[in-house]
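Just one chain is shown here, as structure tokens, and it is the form predicted alone.
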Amino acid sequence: MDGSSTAGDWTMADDVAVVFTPSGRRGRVARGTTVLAAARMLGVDLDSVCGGRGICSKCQVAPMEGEFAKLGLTVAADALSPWNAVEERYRAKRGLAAGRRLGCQAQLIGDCLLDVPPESQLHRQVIRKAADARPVAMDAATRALYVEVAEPDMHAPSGDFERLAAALARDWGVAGPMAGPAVLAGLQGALRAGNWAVTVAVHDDGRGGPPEITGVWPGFREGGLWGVAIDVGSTTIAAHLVSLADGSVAASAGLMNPQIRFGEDLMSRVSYAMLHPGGAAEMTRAVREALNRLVGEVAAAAGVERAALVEVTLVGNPVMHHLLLGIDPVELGHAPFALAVGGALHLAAAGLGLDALAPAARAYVLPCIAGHVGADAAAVALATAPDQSGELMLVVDVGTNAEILLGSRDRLLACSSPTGPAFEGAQISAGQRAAPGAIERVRIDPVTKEPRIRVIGCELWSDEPGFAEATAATGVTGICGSGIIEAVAEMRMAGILDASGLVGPAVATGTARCRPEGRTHAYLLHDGTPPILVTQGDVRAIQLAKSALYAGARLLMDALGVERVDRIVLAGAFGAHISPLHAMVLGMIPDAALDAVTSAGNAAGTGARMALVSRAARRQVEALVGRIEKVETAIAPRFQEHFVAANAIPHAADPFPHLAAEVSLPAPAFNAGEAGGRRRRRG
């Protein structure tokens, strides 16, 4: 069983179809097979320590039911065998979350869609969204203030809060502060425990409203105050725990966005909300639960108590933005793609269901640019500052939905492009998320056509001594986004692919690694268990994704009337790991000098962190969003023209002179059985 079956193949009566998320692995298994056994057959990353005895609970899965048109799948309520005594015993003794089943006990009776939660995955994903070290001027909206408060006096009666307010005005010039019930409930105890001296957290966002007290501690508090900057991506969510005193990042963590089980791309999730009553609310609950789990994780990692988490900033694309706020995203699914709200939001974190922070914590949601260009793009613009550049900058935030910025200090444009999840390893036959054992780097000898690979978790290349031993624990499990990009680009440079993206046969390419696969061919990248191939379908998926990306960039260039850009910045967790040479060979980005192509890391997360510690940065991003001109790819007349031309590798018409100075690509046909070589190689 190779897990590569399609929905159209699922017609046999004596077996059942099963799809696992978030991996996307799918196939058919015999009716009555346990979920754990099916996962092992299909190469799904489902943990089990007890050998399927129902003791360890590592193999928990979350079954879904309903109509899933995109998968060609209808899942009935009784698709799994009934709850059994082993599961009931485990639930009674140790607890089992609602909706969860033990994979070693539940049997597949009908077609199934099953989500493998992060804690059940043997190899937890490496979410590449670490904050970078870009400096920012500190001007946090929340600060800690120590005051000594007058004791109560029967001859001059006043409330404890009023005397605290008087002390803040006297010592710090804080006029007319407010406090909510969560703070007032603990105020008297803190004052008396501190012998009338307290440290208070005061939030003032600089908009002219009254300051708010969001925390009170007895005496002088040594620990400082903390905030969390969160990037809510379509595929991954990243959180950074940041000191509000000096802006340092104490801990970062990430996890898969649990909404992925409702659809891998944004429009699939909008469709889910349209077709399923209560679907939007279901996705809102899922993402809020994930955020609370992530906040708890970074706080625990740094040893920070919940009461000290007094502020959070949030960014995300418009669909993620709306679902986080509890807004049905249905209007974003059709023209004119109207936002319910686009401006920056100043909210109580508790109003967003973020109960992992202090009860009175505040939230700042960065502004969206337009219906398809969200707060994440605004954060990227803040972090990379194309509006302050004297050069023409192209900034590409590579992800499931790519946001693209083009401009300089004179003018700035933005668009989004639906690249889909292929760049992150989804829709690829051996694809997987970035995890230990996943191929992340590829080199193919242009003469012998033999590959070298490097996997996550090992610094050695496959042809270096010790590689087999170093990867023995994880094995070579699949190929992630950066790996598939390099594989396809290397195949093009080695003459295994022609300019149209066609994988050549062995007789034309000169290597037996090119194997027949139905009416097409595939290239054997790693001959292991399982063997990892790059199929014609994989190449097509990458072509579609890169064409959408390039077409979006080209539309912005058309709008500015330019044929070249001076600098290209690759942003996003995934963009940080893309080789500029391979990206240009594919035609993901326009031609430019390779040393002018740089990475900004997780720029959306950096922008969120800047807004967390700087009120000036908030004012800056709000003003910047008002300047950005939006180009709508969904209705642009030339988008399809650019998209089709960009299907070629690197491009059917646009010249790539800088690329030509680096590599000599083989002729576009396989009539000579011989591929061209490179002028020189990079890394």
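In this text, residue numbers run from 1 along the sequence as written. Here the structure is a predicted model, which is why all the values come from computation and not from measurement.
The same protein has a further form, the form predicted together with a further copy of the same chain, not shown here; the description that follows concerns it.
Think of it this way: in the model of the complex, a further copy of the same chain has a heavy atom of just one of Ala238, Leu352, Val174, Leu394 within 4.5 Å, and the residue is Leu352. This chain is displayed alone, yet in the model of the complex one of Ala340, Met274, Val249, Leu502 has a heavy atom within 4.5 Å of a further copy of the same chain; that residue is Ala340. Only one of 86-94, 489-497, 186-194, 258-266 places residue heavy atoms within 4.5 angstroms of a further copy of the same chain in the model of the complex, namely 186-194.
Contact annotation: Gly159 falls within 4.5 Å of a further copy of the same chain in the model of the complex, judged by heavy atom distances.
The shortest heavy atom separation between Arg207 and a further copy of the same chain in the model of the complex is within 4.5 Å. In the model of the complex, Gly180 approaches a further copy of the same chain with a heavy atom inside 4.5 Å.
a further copy of the same chain in the model of the complex is not approached by Val644, whose heavy atoms all lie more than 4.5 angstroms from it.
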